[in-house]
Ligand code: NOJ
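In structure tokens, one chain follows: the form predicted on its own.
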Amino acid sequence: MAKLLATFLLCTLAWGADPDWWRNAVIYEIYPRSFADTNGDGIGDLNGITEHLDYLKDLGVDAIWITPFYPSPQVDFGYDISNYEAIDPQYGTMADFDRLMREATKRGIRVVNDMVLNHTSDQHPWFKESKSSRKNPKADWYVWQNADAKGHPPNNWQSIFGHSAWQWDEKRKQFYYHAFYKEQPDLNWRNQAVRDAMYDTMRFWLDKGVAGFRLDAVPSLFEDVQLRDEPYLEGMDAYGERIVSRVYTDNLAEVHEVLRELRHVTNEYPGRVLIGETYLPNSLELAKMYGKNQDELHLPMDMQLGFLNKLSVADFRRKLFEAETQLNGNMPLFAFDNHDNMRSVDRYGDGVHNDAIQRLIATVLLTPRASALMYYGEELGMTTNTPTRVEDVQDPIGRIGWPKEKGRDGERTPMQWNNDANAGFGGTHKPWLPVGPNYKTVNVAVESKEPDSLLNYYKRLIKLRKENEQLREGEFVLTNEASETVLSYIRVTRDGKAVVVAMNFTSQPQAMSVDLSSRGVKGRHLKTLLASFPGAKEPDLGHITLPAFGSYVGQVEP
């Protein structure tokens, strides 16, 4: 108890010192199964994260977001939770978590928990009680419905992970709804007792000093009470079924009431943050997630930019403009990589200039007016290692949808620490997923020693972002809006000092000029702060030359 109290006090003092720390923060996502294994069972654990906190401090991140480590049958690798207030033994113990909190706090790194609000595991005691009868105290904690007149599911709703979203329970003689796997029944968020239970769970972790939560699948919390069929769209999905629109099962208005209540909970603990997994169709919908009075999510994830999946200057410029003008002045949270999508190098790379393209992605992630979300190994250039045989697939959606849907194993392979066995992931036991084939050269040990490595580019970029006033606090202004080859913008402070950021989106050298006279910026010369290519000159605003996929950051000088 004394250690727990000490941890809470330490975190409270640290987090309360800057309640707006999340603005401009660099947040690093860790998939704990794949980060570092300290007990040799082939699965990463909490102690593995603790062992590598010095690496994360050296990288310069402000916080780590850890995907679920709670007790779970691991059908969806932790996103099917059977106990919200404990640690799954494969990841360690609560004492291990408390130690992680203490050590992270000592290094100025905040810890953000993943909180799965939409559903539990079907092995959670809540669900076991709910399905036991139609009259038990938790009978209405999940979304239950009778069969239709023919004994079929009540409508055509589909699981995001394939096939019907309704599962028959023989004991209750009813269907329950699951937006994801059938082992992940949806909670009934129209039941106040459910809300209260989840809010108490959040307070449990906030009392331990966590800096906030990344909220999984929050747009999915509510479904249409009239159970209307989803309209069909053109085409078939990877599971061989007609595609539905999800207008009745995603992003319903009631979500915002819950988000306000969640914000009320975190407001009880100064300096805490709510991050939302918010795959939404446009920036206008994303803007609603902040709340009309900035009383909902602090940082809904902006998936509009990082998942365009093509290097189009026009599209990148448009998405940056929308983030700057359509979010009501709120801070965007940009991301290019996460545990559910192929790594960005495989979505944007051309196979020839991949190193330069990765530096371009790092630059556009870390230089706009936005908080930034990184994914473990992104800073190294780790690539997607998708299974080639269905027999090797771990992710259930890959087995269900093979070969059109091959699952998410490829982006979840072990962190590449060095060129030893298993890439230094830990132990001699075979890791739960195979190590990426490029681990001999793409790893922390090798890249730390190479001054011009991708890892060191990330380090310099994050350091510059923190130290340079314009990149830290400056207004974001797009320039050269007519260019189809170069994306450029400035970060300018009220005193007229500016930093120019320019990126060549083509495989051919490009020359450009920037006219800042109308922006109140004095000076013509540029002092190079960072370039993704060797031999960068000290150019003037009238002539900036960028090699293939080159990125340049320079301070305007008198």
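Residue indices: 1-based, along the sequence shown. Not measured: the values here are computed from a predicted model.
Not on display, but discussed next: the form predicted in complex with the named molecule.
- Contact with the named molecule in the model of the complex, defined as any heavy atom within 4.5 Å, is confined among 367 to 375, 333 to 341, 146 to 154, 289 to 297 to 333 to 341.
- Just one of 97, 180, 91, 177 comes within 4.5 Å of the named molecule in the model of the complex, counting any heavy atom, and that one is 180.
- Note on contacts: among 122, 223, 76, 411, the single residue with a heavy atom within 4.5 Å of the named molecule in the model of the complex is 76.
- For residue 324, no non-hydrogen atom is located within 4.5 Å of the named molecule in the model of the complex, even though that partner is not displayed.
- The named molecule is not shown here, but in the model of the complex it comes within 4.5 Å of a heavy atom of residue 216.
- The named molecule is not drawn, but in the model of the complex it has no heavy atom within 4.5 Å of residue 189.
- Using a 4.5 angstroms threshold between heavy atoms, residue 184 counts as touching the named molecule in the model of the complex.
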